[in-house]
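A single chain comes next, written as structure tokens; it is the form predicted on its own.
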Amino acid sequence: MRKLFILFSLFFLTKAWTQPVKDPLRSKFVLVIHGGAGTILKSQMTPEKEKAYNEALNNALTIGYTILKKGGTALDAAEAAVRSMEDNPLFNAGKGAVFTNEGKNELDAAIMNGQTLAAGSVAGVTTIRNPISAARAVMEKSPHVMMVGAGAEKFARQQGLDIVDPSYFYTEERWKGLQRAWKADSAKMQMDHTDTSKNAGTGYGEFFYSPLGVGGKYGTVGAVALDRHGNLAAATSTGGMTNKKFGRVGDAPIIGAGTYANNKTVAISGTGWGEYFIRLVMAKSISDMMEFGKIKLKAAAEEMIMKRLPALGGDGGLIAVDKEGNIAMPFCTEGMYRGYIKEDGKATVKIYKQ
């Protein structure tokens, strides 16, 4: 009997030793989102539209929060929050994407896993309903980081993602925006054939003109998250800039520019004049300042957004969460659709400078 007891004891002890140790869930988690930055003034906003934006931002936060509260990953929460905004025509991403000079909707998106530094992005796609999910598929189902155009769409179809007719992205408001841009473009061409404006040399002269300019509205959407496992993730999606030409791609799908996540430092999603975010390597620069310069998130983010970005001639904003759960939402424009939610479940949403 004693031998039998010893055998059973050895069996259960061995079984206990061989069981994997589960990662204890932390109490702290954070989700931060944005819906674009630019000239967003309360004086120009109707109560109905302000309410609609607040509801859309709160909805995205609720979706992501539900995932994080249950112990879901930062990747899942960030992707889900961005998908909800891609499906909302209020935002320049997915359903609400702006039109190119040719009257098309070309979408870009990126996602990054802070735990592994894996990343995926798509650019210039026209038939993928949720580009952020295509970006994740590139990251997880392929050996690549970026896919563009028809190739990215073919890959998305193979992965079973939701493919739509390009007409799905049509909205009357965005179409009217293109008409205004065409009119402004035509007037500018007649007045200035040599392009001696303040935009000379930037690529925004007579070959590429947007009524946005400095202080315009950039409708990119994004989400960054810290989950209960201590992992960070970032996701960004956009329809680009109204009246863009020649297959222009901005910073959103460029890893290190408009999207970046690293568990050692921070997760970031940007919104603004993409060319300047690319030139500044915006997101990675902030991460490097934190990792190598030992600069805190708030100081690093404000240095890049409030000083270096406008000094170069650009504008915009970003959202960020660091490995400790600290957040930053700086912007050098009149407003930025933004919000955050933490483990207490209290959502905070803002639009204007406050």
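Start at 1 with the first residue shown and count on from there. Owing to the predicted nature of the structure, the values given are computational and were not obtained by experimental measurement.
The form predicted in complex with a small molecule exists for this protein as well; it is not shown, and the discussion that follows is about that form.
Although the partner is absent here, residue 248 is a contact residue: one of its heavy atoms lies within 4.5 angstroms of the small molecule in the model of the complex.
Proximity of residue 121 to the small molecule in the model of the complex falls outside the 4.5 Å heavy atom cutoff. For residue 241, a non-hydrogen atom is located within 4.5 Å of the small molecule in the model of the complex, even though that partner is not displayed. For residue 273, a non-hydrogen atom is located within 4.5 Å of the small molecule in the model of the complex, even though that partner is not displayed. Heavy atoms within 4.5 Å of the small molecule in the model of the complex are found in exactly one of 127 to 135, 178 to 186, 160 to 168, 264 to 272, that being 264 to 272.
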